[in-house]
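The chain that follows stands alone, in the form predicted alone, written as structure tokens.
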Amino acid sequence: MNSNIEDNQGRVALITGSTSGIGKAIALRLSDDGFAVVFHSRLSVEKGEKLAKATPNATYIQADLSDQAQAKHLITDVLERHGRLDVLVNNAGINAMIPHGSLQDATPEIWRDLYEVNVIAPWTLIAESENALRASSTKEHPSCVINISSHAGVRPKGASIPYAASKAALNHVTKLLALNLSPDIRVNAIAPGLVDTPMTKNWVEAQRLWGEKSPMKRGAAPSEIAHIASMLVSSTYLTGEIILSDGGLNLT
């Protein structure tokens, strides 16, 4: 049992894109840690509502984060329902599979779509929640933001150059905000490599790469990424870190 459960009673965590995969694992882990969690998705409304009903003190809110008005209203809705916000996990993101050498296929529209959800939406959510995060922050429990990035934002890899560039931008935003929001709000990022989710089940090349070349010989389980998120939330000192979690593939 987590020793911080009692400390976290009454504290609220919003996890975007949390009806499946990494986001769901983080939401359930933070619930186990004692937080009241807010599930979110763009679609999957029925699944989100079921998760909220099955999780103590949880709620579900639907919002399309590619729409600035909906992104802003998501924070308003959280505060209306819960009255506070202590942790924001920017997990929602979109991808585009384009060979890195196919420059013409990486159209300006794809660049804009990826940046809107992967960079601008997290920025908007952080900006809209800043006052609430500051209000709930204490020396013992500083509020925190966790951005879910990607190893593609650290190394010249990834499903496409626009995707990798959007995650590199998110990493740099993480460091800039860590400098400017401290000490009340800590800002960190997790940069996973391959994570075994329904979405990656058919990523044959990636599965082979991690199985053959990574020191751990496999992709991560969502719960292993959630473990890192829990550690970052419970920390009172770490800020501005990009935690690369790729099973050591970056060493090869």
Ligand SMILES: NC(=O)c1ccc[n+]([C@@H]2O[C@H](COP(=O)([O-])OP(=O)(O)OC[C@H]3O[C@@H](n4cnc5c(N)ncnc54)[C@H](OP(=O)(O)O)[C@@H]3O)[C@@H](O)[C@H]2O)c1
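Note that residue numbering follows the sequence shown and begins at 1. What you see is a predicted model, and the numbers here were worked out from it, not measured in a lab.
Quick note: we don't show the form predicted together with the named molecule, though the next part is all about it.
Undergrad: Taking the partner as it appears in the predicted complex, which of 146-154, 104-112, 178-186, 76-84 has residues with heavy atoms within 4.5 Å of the named molecule?
TA: Flagged stretch: 146-154.
Undergrad: If we define contact as a non-hydrogen atom of the residue within 4.5 angstroms of the partner, is residue 234 a contact of the named molecule in the predicted complex?
TA: Residue 234 lies outside the contact set for the named molecule.
Undergrad: Mark residue 64 yes when one of its heavy atoms lies within 4.5 Å of a heavy atom of the named molecule in the predicted complex, and no otherwise.
TA: Contact check for residue 64: yes, within 4.5 Å of the named molecule in the predicted complex.
Undergrad: How about residue 127: is it within 4.5 Å of the named molecule in the predicted complex, going by heavy atoms?
TA: Close contact is absent here: in the predicted complex, residue 127 is far from the named molecule, nothing within 4.5 Å, heavy atoms only.
Undergrad: Can you check whether residue 22 is within 4.5 Å of the named molecule in the predicted complex, heavy atom basis?
TA: Taking the distances in the predicted complex, the answer for residue 22 is yes, it comes within 4.5 Å of the named molecule.
Undergrad: 18, 42 and 192 - do all three of these have some heavy atom no more than 4.5 Å from the named molecule in the predicted complex?
TA: Yes, each of 18, 42 and 192 comes within 4.5 Å of the named molecule in the predicted complex.
Undergrad: Quick one: of 199, 216, 209, 221, which gets a non-hydrogen atom within 4.5 angstroms of the named molecule in the predicted complex?
TA: Of the listed residues, the single hit is 199.
Undergrad: Counting only heavy atoms, which residues in 85-119 are within 4.5 Å of the named molecule in the predicted complex?
TA: Contacting residues: 91, 92, 93, 94, 117.
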